[in-house]
Structure formats: C-alpha cells, structure tokens
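As structure tokens, one chain now follows by itself in the form predicted on its own.
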Amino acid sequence: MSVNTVKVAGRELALSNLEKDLYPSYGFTKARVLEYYGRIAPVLLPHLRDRALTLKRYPDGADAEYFFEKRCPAGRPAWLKTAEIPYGSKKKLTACLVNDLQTLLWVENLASLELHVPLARAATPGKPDSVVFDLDPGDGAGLRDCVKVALMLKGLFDGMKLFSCVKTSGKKGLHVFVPLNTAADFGKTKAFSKAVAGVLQKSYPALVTAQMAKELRKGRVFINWSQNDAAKTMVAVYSLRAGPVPTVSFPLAWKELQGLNGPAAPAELQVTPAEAVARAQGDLFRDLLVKKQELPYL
C-alpha cells in the first residue's frame, strides 16, 4: 500500500493508495477525489459544520460494494472533532464532525465518496434548519418530470411567501429545500411536507405521488416527505455521488431550472466535479444556512 504524508493546516495526514481508481469506468482516482474535495471545501464545509456525518464508503470503487458508517471510525486522529448523538430510543453513538479541511480529507481518504448529513445540527438533533422535498422519479418518469414538480413546489411556496431553493441529487432526482433557521421541530416539518406532498398529489395525480409504495410510483414523481425526520440524512450539497461517472449534488438557480422545463432532455442537471468547481464561485446555496422564516399552519 502506497502512502503519501501531507501537511494540512498544521496537521499531518497519511493519504493512501492515491492511484486507486474509484470510478473505474470513468478513470477518476482517489487523488482526484481528494483534489475535488479540497477545491470545493470552502463552499462545502459550512453545510457540514457541526452536523453528524454519515459516511458512505466505497473501498473498492463506485461500482463495487459500499457501506454506510454512522459511527466515527476507530483509529481516528485525536484532533478530529466528534459529537455524541441519539441512536435509537435510549442509546448514543459517536459521530464525526467535519468542520475543517483536514477532517474532510481524512474522511475522503477512507473512500467516503458520498457525504450524508441530517437536517439538524448535532447539538440540537430535534430542531431541523430546513424542510426538504426529495423528488424521486419512478419507472417511466425522469428528470424532466422532477423539474416540473420542483417548479410546482416553488409556485406553491411563493404563494405562501416562503423562500425555497433547489439542488440536483447528483443522480436522477432533485431536492427542494425551504430554509427555516428558527425554532422548529421535526413533528412540524414532517406534517408540513406531508401536507404539501398530498396537495400536489391531489392536484396532479398523473404526475405526483406522495405514497411510499413503489408500485404507485410508476410514471410519477414521488415526493419523499419522510426525509424530514431526526433519524434520516440527505446527501450534502456539493457532495460527490457514486455511479459510472462522478457527479455532484449541485445547487441550481430557479431561472436555470425554468430554462430546462422544455422538450430537451435536461442533461445540464448532471454536474461533473470540474464543472462544480468552476461554477461554485461563492456558495450558491448560502441562503439555506442564513435565511430565517417560519412555516405557516396548513
């Protein structure tokens, strides 16, 4: 096993197997994964800060077996920050907090291609900072259908005077967020998201479903409201996604999304690491962290 020692912010990191191809069908090595995360770190880190990280590790590459790791791995350096978070009804576990570049690169050295975080910070696990609507196309539906549903959601939120923002999932769907950054709890956010999903299902039954059953998703977009839960995580904005080609969960402007609501296939929604670095001149998702608003009662 080849090991390279580098110094990051005064910390020595041992980075191993940099030549290993983590996206074999594309030719994207661990060195390039580390390079991407190092370059995107200024805009990524605020979205990871103080949130319990769930690692999604691909030790043999994106086309091989993977595993989720909620516990911060054993053998972590003494300087790495952690938090004790609820696990089940009575237990707790120790999770990694990725608050700086050296921790981010240490995590990526473990081949955690994807970074998943909860909607709440570790210190306040029952208080989400936002509401999320995870748009997942069923068989026979696609990204174009997700675009339509996302724009419907925006129209609904505009009518409620709620700011919303959207990002690609990095795979086949979209994630629409309503930032809160106020005193909310998951009971309220889940009830709100379920009610909104139900309204769209009733209004557009041929396009939208709010029901979990996969057989009911055929040709429709499933609005996964259940992600608004203290036990659930979402892939972080700017995170890589595993697949044949490395893609990024990337923010979009609503005007950009409106331009894709046409007959052409929205290939623009698949953002590569190089494109992400070039386009992320400043945090395009900053409003998610700073915009304060209250949910209406439905």
Partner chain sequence: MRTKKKEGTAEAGKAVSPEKAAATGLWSGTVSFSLVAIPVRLVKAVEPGRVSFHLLHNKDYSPVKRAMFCPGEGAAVPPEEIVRGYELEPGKHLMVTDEELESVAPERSRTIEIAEFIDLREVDPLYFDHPYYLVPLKGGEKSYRLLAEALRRTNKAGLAKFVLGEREYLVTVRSKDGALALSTLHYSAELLADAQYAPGKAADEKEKNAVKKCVKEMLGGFTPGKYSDVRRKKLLALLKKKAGGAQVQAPELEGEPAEGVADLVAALEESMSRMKGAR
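Computed from a predicted model, the values in this text were never measured in an experiment. Residue numbers count along the first chain shown, from 1.
Below: the form predicted in complex with the partner chain, not depicted.
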property	result
Position in contact with the partner chain when the complex is considered in the model of the complex, options 141, 196, 107, 184, heavy atoms within 4.5 Å	196
Partner proximity in the model of the complex: residue 64 to the partner chain, non-hydrogen atom cutoff 4.5 Å	yes
Proximity of residue 192 to the partner chain in the model of the complex, heavy atoms at 4.5 Å	yes
Contact of residue 156 with the partner chain in the model of the complex (heavy atom, 4.5 Å)	yes
4.5 angstroms heavy atom contact with the partner chain in the model of the complex for residue 100	no
In the model of the complex, segment of 43-51, 29-37, 251-259, 64-72 with a heavy atom within 4.5 Å of the partner chain	64-72
